[in-house]
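What follows is one chain in structure tokens, specifically the form predicted on its own.
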């Protein structure tokens, strides 16, 4: 579908997703396992727009939720509680009450204290809570510090030496059923070694527990597989899955994965309009867009790179260097630095690539900017799956 036609109808900024890409990205991971038993739990934190979650459920995906609100979206998309794993470093008492009451597939527990809270709730409700222990293996995933989760200094999981002590208490805790060891060492991982090492740690711990008479149901190896934002080489899906299976197959247990970015990232673009062009240096100009950190936070948050392309190119024109900036009143509102593009003019459309993950999900109303609409292209047609927010929408919860 022509992006310019969508922008003409819906205005900009606007997110546009390809259902075909979404399906193919999911199927590529699923196919890579061959006959090895596995389950893919789409990480809703990447993008939890209802229509996209429904597309993945129809493909056979399960769900990974990081809050009770994501759990509610998953249920509205048609997932049963037994298809949902509940992850997150700071689950409140109310969230744990909800998860135990629903009987989710597993609560991925982050600490000894959280495990005790889950146990107390389950005992009071007369339930047996299904839990996985998230272990922090102190593995450096070599990703940006803001998305690293597997080091001792990160807030996530139980340090591995403490986890072993925690395991010793589980046999006598009747309100708990340990179903898996869970590891997730970071996001946007582009080399195989940290993923392989994490899988080896999870496998060794699982074997240890099984040998001690604790019957696990699966090995949860998290997510983290990166995508190529800049066109550079990264780990292939098949190489990734082969490395995980090579380790986890020593247990003969199914593998659970929680991919998010690897599925949704390449399926979306953010369309924006150039609203001003002005001098920056002798060699470059500012291209001010009507989309910025309120629509796509990643570049401002941790210097993330997204390719930016003009929707329509001018023929036979020399390139020009641009710094793409947003309209928000912050100097950090930079979408892309030092980009060489054909000459741009006010009114031109640009596409910010690979924005399907951690784009709309992290958008905000800073400067009272409305959340952008989202469009799904599927089978040669397109439809709005979330309309543009209005000021009335924003103020509906406020009173004078």
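Positions refer to the first chain, counted from 1. Keep in mind that what you see is a predicted model, and the values were worked out from it rather than measured.
Just so you know, the form predicted together with a small molecule exists too; it's not on screen, but the next bit is about it.
Visitor: Is the small molecule close enough to 16, 49 and 374 in the predicted bound form that each of the three has a heavy atom within 4.5 Å of it?
Guide: No, none of 16, 49 and 374 comes within 4.5 Å of the small molecule in the predicted bound form.
Visitor: Using a 4.5 angstroms cut-off on non-hydrogen atoms, would residue 223 count as touching the small molecule in the predicted bound form?
Guide: Output for residue 223 is yes: heavy atoms within 4.5 Å of the small molecule.
Visitor: Using heavy atoms and a 4.5 Å limit, would one call residue 26 a contact residue for the small molecule in the predicted bound form?
Guide: Contact with the small molecule, no.
Visitor: Report whether the minimum heavy atom distance between residue 362 and the small molecule in the predicted bound form is within 4.5 Å.
Guide: Within the cut-off, so yes.
Visitor: Is there a non-hydrogen atom of residue 194 within 4.5 angstroms of a non-hydrogen atom of the small molecule in the predicted bound form?
Guide: Residue-level check for residue 194: no, no contact with the small molecule.
Visitor: Please pick, from 206, 136, 187, 294, the one residue with any non-hydrogen atom lying within 4.5 angstroms of the small molecule in the predicted bound form.
Guide: Contact with the small molecule in the predicted bound form is made by 187 alone.
Visitor: Counting any heavy atom within 4.5 Å as contact, can you tell me which stretch out of 323 to 331, 157 to 165, 297 to 305, 210 to 218 lines the small molecule in the predicted bound form?
Guide: Of the options, only 297 to 305 has residues within 4.5 Å of the partner.
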